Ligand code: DC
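As C-alpha cells, one chain now follows by itself in the form predicted on its own.
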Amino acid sequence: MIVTIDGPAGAGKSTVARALAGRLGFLYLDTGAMYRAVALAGLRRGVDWEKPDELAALAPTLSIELDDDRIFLDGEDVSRAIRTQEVTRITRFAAGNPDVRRHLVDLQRRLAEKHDAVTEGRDQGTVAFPKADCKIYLTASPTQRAKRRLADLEAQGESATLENVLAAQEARDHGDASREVGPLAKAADAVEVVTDGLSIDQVVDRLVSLVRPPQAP
C-alpha cells in the first residue's frame, strides 16, 4: 500500500509522515531530503548552477540512502547538513532539473515497490505515485508554516526572522508551483488536511482514519 503526502514547505509533512509511517508500520520516504542531498553534493563539488547538465551528470553517481528520519549521502549522515538555509536556497536547482527528478522518482519507486510506504514531498500523488492507494494534501496557513520553519532553524542554531522566513517561503512556494517538472500540486483525488491548531497526534489520528477508515458497525 502506498500513502502519499504532498504539500507546501512548513506544513508539517515530514513530522506527520514519519509519525504516520510509525503508527502504521510502513516504510517512510522523505523525498524532499533526497533533492536536498543532491543539492548538497552539488554545492560540495562546486557545480555551476547555471549549467543543469553538471548536476544531472552528478546525481546518478551518488549513493542516497534513507533510514527512517536520517539520510545518507555516499555513506555520510547528512540529515542536519541538508537542512541549512544555504542548502534550502539551492535545492530548487535539483528539484527543477528534469534529469535529476527523473532519476530520483525512479529511485523512490524502487524503494517503495516492495513495501507498504508513506512517501511525502511535492509531487508524490501526481507524478511519482499517481495510482497510490491513499493521497493526502497537507497544508497550513502561511504564518503557521513560517513559524514552524523558524523554530526548526533556531533549533539548528541558525539566526533568522519571521519576516525573512515568510519572504523566503513565498518565493519557494511560487517556485515549487510554477516549475515545469514535478510542480507542487494537489492531486484531484487527494484529501486536503489543514494542520492549523492541531497537535501532531491529532493530525496523525486524522490521517490514520483516512488510510484505514473505521469499519461500520
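Position 1 is the first residue in the sequence shown; the rest follow in order. Bear in mind that the values here come from a model prediction, so they are computed numbers and not experimental data.
What comes next is about the form predicted in complex with 2'-deoxycytidine-5'-monophosphate (DC), which does not appear here.
Shown alone here, His103 lies farther than 4.5 Å from 2'-deoxycytidine-5'-monophosphate (DC) in the predicted complex, counting heavy atoms only.
For the chain shown alone, Arg179 is a contact residue for 2'-deoxycytidine-5'-monophosphate (DC) in the predicted complex, at least one non-hydrogen atom being within 4.5 angstroms. 2'-deoxycytidine-5'-monophosphate (DC) is not drawn, but in the predicted complex it has a heavy atom within 4.5 Å of Arg83. When contacts are judged by a 4.5 Å heavy atom cut-off, Ile136 does not count as touching 2'-deoxycytidine-5'-monophosphate (DC) in the predicted complex. Heavy atoms within 4.5 Å of 2'-deoxycytidine-5'-monophosphate (DC) in the predicted complex map, among the stretches 139 to 147, 90 to 98, 73 to 81, 109 to 117, onto 90 to 98 alone. Shown here without 2'-deoxycytidine-5'-monophosphate (DC), the chain has Glu120, Gly121, Arg122, Asp123, Gln124 in 119 to 136 lying with a heavy atom within 4.5 Å of that partner in the predicted complex.
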